[in-house]
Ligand SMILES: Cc1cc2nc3c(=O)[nH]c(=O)nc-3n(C[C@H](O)[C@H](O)[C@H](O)COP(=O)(O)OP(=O)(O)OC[C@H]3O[C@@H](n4cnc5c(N)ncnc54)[C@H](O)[C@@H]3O)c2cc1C
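Single chain ahead, by itself, as structure tokens, in the form predicted on its own.
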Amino acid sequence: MERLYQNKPVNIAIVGAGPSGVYCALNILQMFKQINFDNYLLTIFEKGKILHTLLPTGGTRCNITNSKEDIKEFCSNYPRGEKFLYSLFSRYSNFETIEFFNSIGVETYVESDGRVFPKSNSSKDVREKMLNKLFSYKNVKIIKKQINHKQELDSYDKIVISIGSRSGYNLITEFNHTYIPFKKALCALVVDDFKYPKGVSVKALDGDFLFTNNGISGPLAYKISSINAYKDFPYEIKIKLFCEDYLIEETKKFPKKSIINVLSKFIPKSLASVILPYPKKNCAEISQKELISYSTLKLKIISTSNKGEIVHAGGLKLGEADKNCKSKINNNLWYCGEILDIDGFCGGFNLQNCWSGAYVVAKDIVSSIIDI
């Protein structure tokens, strides 16, 4: 293939070396290599360790993505950004993500719930493979620096903002964009008047959760925290523990049994002992209305906790970015990753937002330089 040149090298800056920033860089580098274009310099700015935010994902196993095939079903797992993501995922899907990781030596497998993990079950391995690929390219350098002001980027022709949400306020506002306040999501919740058995796991109808020393954690708690990210504290939640019809049926079969023994067939006995006002009562002594009340756990949430998966809702207002995540206000400026007002539930959804957005941004940048 004939090598392509421009009079002046194209200077590209990526601010932030998290999953979206590095993935964007990898795709830009790969696309340029495919068209034999090397008249550019790609600079990545990162104040901390490259891809450090990838390490705790999926409980350190790195839940790369989810295997759901239907785009609408996939997008329904994002409390914020669902409609915006239809376009991104239709152009770069979870299956293309898996192909990419396979191509750099990260083999994957799918769990029964649809979550996709590396066969190594190690986020360190995924990080290492991504960095090995990144460092295999020329024309790329990494500068250990935090970019706080847009003036620091004046010398660059193309700019990608892919920093984490908490660091993004200055750049979003300095580029005259609307900032949606950041709120913690996918985190544990603190419960008022906590009296529940610490460390006990519960498989409820609404989802699995775990009692901590002052509240609840686990998949259901994370989902609740995400949905209610902008709700004022305190607020009340109701968790459906089991189908009350089964409890009613069981009490009819064993009217002389104590209610705690029967209820313990549906929830942990330590939880049943907290819920029941009179645990030693026989089933025959309990009214149907009271039995029904035992199927739902009511909790008063007073704050979020610093434990959990923790992503952040908020960021750049999506209406100010086009379908390629390019700024509608500033030419040659793109955003991808958590800096956008997009966040998803547990299950690989937040990382897929990073991968798809980063790819689309990479392709748009390359297309703006070379007609591909």
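The first residue of the shown sequence is 1; numbering continues from there. All of these numbers come straight from a predicted model, not from anything done at the bench.
Same protein, other form: the form predicted together with this ligand, not shown, and the subject of what follows.
- When contacts are judged by a 4.5 Å heavy atom cut-off, residue 323 does not count as touching this ligand in the predicted bound form.
- Put simply, residue 164 is close to this ligand in the predicted bound form: some heavy atom of it is within 4.5 Å.
- Heavy atoms of residue 52 reach within 4.5 Å of this ligand in the predicted bound form, making it an interface residue.
- Among residues of the shown chain, residue 56 is one whose heavy atoms approach this ligand to within 4.5 Å in the predicted bound form.
- The stretch from 24 to 32, 326 to 334, 313 to 321, 58 to 66 that comes within 4.5 Å of this ligand in the predicted bound form, counting heavy atoms only, is 58 to 66.
- Using a 4.5 Å cut-off on any heavy atom, the residues of 124 to 156 that reach this ligand in the predicted bound form are, in sequence order, 145, 146, 147.
- Note: the CA-CA distance for residue 308 and residue 208 expands in the predicted bound form relative to this form, by 3 angstroms or more.
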